[in-house]
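This document starts with one chain, in the form predicted alone, laid out as structure tokens.
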């Protein structure tokens, strides 16, 4: 999922200077799961904004703000509702959702969150970065573990040599991911996979921005 972090209230207030009527969008997928931009946080933020004199004209938090049909359909056009009632839209959705809103309305769209990474969730509390969407996935060769996202140096051909006792030299509080990969392959009874590992040179053309994916008919 896409993980976001709610901006400090002071920063949001500064961003909203000059506006009065604010429509807030949350998102019930990533933003809600990490408790930094779902309906609950949107309502809490709305209450705070009203204390500072803003008129909150609406709060909506669809399940997937980055899906156009969820925010603008003939049956339920949330964008039209926001545009007709407000001076500005404040989005707590990820960067993709916020941009999708912005390109489909004619009023300013501001963000109340920072999109920080694509991660995995544990116990509804812990979120760890697992993927940087590099466009050239190699985890089939590394025990299902991505060294591009989970090694601070994004090394794809093995450890750097600086790890001590299985800990990363950049941040000793976390394991060297290549140590974890070796353990995983040994558990799978595939230790020789690592010895034979030959990851190709990364094709950085696959991560040139902006990228596009089209579903084939």
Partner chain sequence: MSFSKKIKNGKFIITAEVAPPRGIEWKTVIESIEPLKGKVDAFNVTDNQRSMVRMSSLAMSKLLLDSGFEPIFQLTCRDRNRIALQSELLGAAALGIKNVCLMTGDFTTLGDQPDAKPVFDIDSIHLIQTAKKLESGVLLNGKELKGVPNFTVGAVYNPFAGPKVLQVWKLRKKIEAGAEFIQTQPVYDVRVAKDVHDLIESLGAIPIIGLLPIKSLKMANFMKKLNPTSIPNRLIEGLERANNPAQYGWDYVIDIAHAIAEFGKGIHFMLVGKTAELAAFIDYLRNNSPYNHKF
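As the structure is a computational prediction, the values presented were derived from the model and not from experiment. Residue numbers count along the first chain shown, from 1.
Beyond what is shown, the protein has a form predicted in complex with the partner chain; the following relates to that form.
Contact with the partner chain in the predicted complex, defined as any heavy atom within 4.5 Å, is confined among 165-173, 66-74, 45-53, 27-35 to 165-173.
Contact with the partner chain in the predicted complex holds for none of 94, 117 and 119, as no heavy atom of theirs lies within 4.5 Å.
Remark: residue 39 does not count among the residues lining the partner chain in the predicted complex, judged by a heavy atom distance of 4.5 Å or less.
The closest heavy atom approach of residue 153 to the partner chain in the predicted complex falls within 4.5 Å.
In the predicted complex, the partner chain stays beyond 4.5 Å of every heavy atom belonging to residue 188. The partner chain is not drawn, but in the predicted complex it has a heavy atom within 4.5 Å of residue 194. Interface residues of 155-182, taken as those with a heavy atom within 4.5 Å of the partner chain in the predicted complex (partner not displayed): 155, 157, 158, 159, 160, 161, 163, 164, 165, 169, 170, 178, 179, 182, in sequence order.
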